Every structure is written in C-alpha cells, then in structure tokens.
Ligand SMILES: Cc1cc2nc3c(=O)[nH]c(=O)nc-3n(C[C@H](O)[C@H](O)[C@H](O)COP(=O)(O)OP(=O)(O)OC[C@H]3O[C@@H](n4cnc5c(N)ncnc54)[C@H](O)[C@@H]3O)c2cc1C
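Listed next as structure tokens is one chain, alone, in the form predicted on its own.
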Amino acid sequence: MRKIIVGMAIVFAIFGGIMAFLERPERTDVVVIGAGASGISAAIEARQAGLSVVLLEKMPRIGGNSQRATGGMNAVNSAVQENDGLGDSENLYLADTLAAGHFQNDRVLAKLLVEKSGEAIDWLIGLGADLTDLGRLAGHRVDRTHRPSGGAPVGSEVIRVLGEQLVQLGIHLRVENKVIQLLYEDNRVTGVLVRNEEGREYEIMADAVVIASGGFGGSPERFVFYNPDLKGFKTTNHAGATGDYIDLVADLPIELIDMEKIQAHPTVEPHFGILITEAIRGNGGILINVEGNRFTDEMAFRDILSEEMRQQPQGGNFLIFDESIRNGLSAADAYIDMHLVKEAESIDEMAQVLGIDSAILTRTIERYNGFVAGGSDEDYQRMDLPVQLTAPFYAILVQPGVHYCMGGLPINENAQVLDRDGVPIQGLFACGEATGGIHGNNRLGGNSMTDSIVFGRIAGQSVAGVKK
C-alpha cells in the first residue's frame, strides 16, 4: 500500500512539474500589438535584425484600418517621384504637412516623417508593391501621393506585400489574440497578458513591446468622450479601432496627448460610412450642395472642408466627377459596384436624378469648366484644375465622417514611449495611429500610410538596437 502511495506521489509530482512547465510564461524578444501596416513593418524590421517576434492581432485577420486606405501614400525623393522630375523637396512637403496641422505638429517627428518617406516607398517597392502611380490629394502643392497603377487603393496593396513578408520571414502571427494588460515594473515593460480566441489568458515575457494597435475612431463612445462635437458622426474606421492602448497604459506614468484632435474626412457615404477617396477630388471632381451650387475649394485641408460641408443646406452634398476621372481611378469602379453612385448621360439628367434645378447645375458646371480653361478658379481659388467635366457624369452623396485620431501615446524619434517627464519607458515602443503629435491639429491626406511605414520601421529598428 505504501509503495502505491509513494508511486502516486511521484506521478503527481511529475505531472505537477509538467503542468508548471507548460504554464510558465512564454518568452520572446519582441511582442508587437496590432497587425496593421505599422505593426507588421515593426515586426519585419525586428525579425530581419535576428530577433524572435510574436505579432498579436485581436481581429480575425491582418490589416486593420490600413487595409481600408485608398487615396495613396505620400513621399518625397522616392525613385518614382524623382523619375518624374516634379520639383518636390523635403522643405515643401514638410511645409504642407505643418500647414495642414496648423503648425501644432511635433516638428522633430514631422521632419522625420518627411525625411524617411521616400525610403519607405522604395522599401515597399523592393518588397514587391506597385506604387508607381503619382497623384495629388488636398493640401499638397505637387504630385507626391503614391498608389498602385490605375489609381487602385493603396492599403490592400501594402498589406498584401507586408503579409507576404510575414510568411517569408516566419514571423509568429496570432490572430484573435488580444493583449489585455502590459506587464510593468520598475519603469520597464516586461511583457504582456493575452486573451486568446477561446478566452484563455496567458503571459508572454519580452525584452520589448511595440504598441501598434491603431486609433479609437471605430468607437463612438470614445471619440465622443474626447470630442463631444462628433456625436452622431458616422465613422470610416473598422470595428477593431477601439483605442485599446488607452486601457493598456492606464496604470503607467504616461500622459496621452492631443486626444481631442480627431479628424473628420469630408467625403464619406452617409448610409454605410464608406470612405470616398480624396483622389476623386484630386483628379478633378467637384463638390456641390443640394441646391446645385459649388461652395468651396475642393482641395482645402480636411478640417476646413468638413466644416464648410456641414454648413451647407440640409447637411448633404454631392461629389461630381466624369468619365475621365473614373477611368483614371479604379477605386471609382468599386463605388459603382457598391451601388453608391448615381449616373447620368447629361447635366439635365443628372439634375433630375439628384432633384436639383437643371439651370443651377448647368451654370455651376459650365462656370467651373470655364475656370479650368482659363487656369484660374475665380470663386474659391482652387490651385489644381486638372480637367473640365464632360458627360457622362457621376455623383455620390457625401458628408463628413470620423476618420483619424491625431492623438495618442507620446513618442520620441526612436519610437520610444515617453513618461510624464519625457523620459522613455524602458521596453515600450509605439507607432502608427496609437501615437500622437506627428500630425498636429489635422492630418495631411496621404500621410497616414507614410506615418505607419516610417515609424513602424523605426520602432522595429529601435527594438533591435536596444536588444543588441
């Protein structure tokens, strides 16, 4: 009997040892939270430096808001732009970025964004991305917005090539695994607590954690809390953009910055919250109100244009474009396929479709075409007048919608998260829309993807530097 008891004790001891071993925290060099463009870029750089990386994504698939990016990615001095001889410069690009942000940007970070932008485009192209089409978005004085040939959406192309790199480099990706806590002691982040798709919680210990979880534009509760004026706004954000970093750092000595600075995109389809790319306006589209009158410079900064649109009668506006613009932007066909677009073979027919007085709409389009022919917008001083609008015509109902959060975690030029005294918290890095300061009061269109790639790469490189 005693032998049986002793034997059972040995078995239980062995079993207990095995279970203790199995329940020990996992160990890796780097944990990256969020598998959008910034998070994947950070993971790639860290892995290429020889580090072990675990990439955690709470949603069922990678991409986040980056997957939805349409208009393009800004850069100066890329191989594509230099070959076109457009006369751009870092100073000009930086000036446009600061002007869009009403000069409230963190100058160091904004300058770094600009300086690293061309390198970011060339890096993506080197990975196999098609970013050979150059266009212009609102607030830019030259063509510096890179996108796939034919004007296709940029986000899906970037996520495609980054996703392929995840596979090629063997980066350990786990979807439906949500980080619910940062492990923190002695002013150092030492790992994360994760909840998987089955509800089981487990720890991963790491030398460094990169927060790339995105903004909070997908959470009306959060964006209204920080900016009550946005109550009732639709959002272009995906459902996972809920500002998870806010809860993760709540117990750390960090003061979030610029949280009330939330950008409304001017052209959002109001029924489904679908972003209508700025490139349609950049290629020559115009905005009219429900009375048929043009009322603004369509290439004004997003915050200014959004406010002007909200002041129009009945709060509704139409984006008007023609066949030449449609042919130059394959993204326009996607809107047609989604049945968001009204089509007409003449101005009279379009007026009837939209319920607008034909004489007013005719006068509006003919007056605009006259400005294009003369090279000067006498009404609203639009600088870029690419094409006259001719039949057939297309129209989409649009209104401003919540699009981007300028605020977030304070970081330095190495993508290290800073405490209240401006000192880096050891082991904690951040990139993408989870950070604040780069864009000031308002983001220049096309700078989001640039921000994600530039600072995602910096985060991954910085992590590697710290590890070494």
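Sequential numbering from 1, following the sequence displayed. Predicted model only: the values in this text are computed from it and were never measured.
The discussion below concerns the form predicted in complex with the named molecule, not included here.
Asks: Give a yes or no on whether each residue among 66, 154 and 443 has a heavy atom within 4.5 Å of the named molecule in the predicted bound form.
Replies: Checked in the predicted bound form: all three residues contact the named molecule.
Asks: Does the named molecule get within 4.5 angstroms of any non-hydrogen atom of residue 267 in the predicted bound form?
Replies: No, no contact at 4.5 Å.
Asks: Can any non-hydrogen atom of residue 320 be found within 4.5 angstroms of the named molecule in the predicted bound form?
Replies: No, residue 320 sits far enough from the named molecule in the predicted bound form that none of its heavy atoms falls within 4.5 Å.
Asks: Under a 4.5 Å heavy atom criterion, is residue 236 part of the interface with the named molecule in the predicted bound form?
Replies: Judged by the heavy-atom cut-off of 4.5 Å, residue 236 is in contact with the named molecule in the predicted bound form.
Asks: Does any part of residue 177 reach within 4.5 Å of the named molecule in the predicted bound form? Heavy atoms only, please.
Replies: Yes.
Asks: Check each of 244, 106, 133, 297 and return the one that places a heavy atom within 4.5 angstroms of the named molecule in the predicted bound form.
Replies: Comparing distances to the named molecule in the predicted bound form, the residue within 4.5 Å is 244.
Asks: Have a look at 412, 399, 28, 70 for me and say which one sits with a heavy atom within 4.5 Å of the named molecule in the predicted bound form.
Replies: Exactly one listed residue reaches within 4.5 Å, namely 70.
Asks: Of the listed stretches (91-99, 382-390, 177-185, 343-351), which one has a non-hydrogen atom within 4.5 Å of the named molecule in the predicted bound form?
Replies: One stretch meets the cut-off, namely 177-185.
Asks: Even though the chain is shown alone, can you say which residues of 436-461 have a heavy atom within 4.5 Å of the named molecule in the predicted bound form?
Replies: Heavy-atom contacts within 4.5 Å come from 443, 446, 447, 448, 449, 452.
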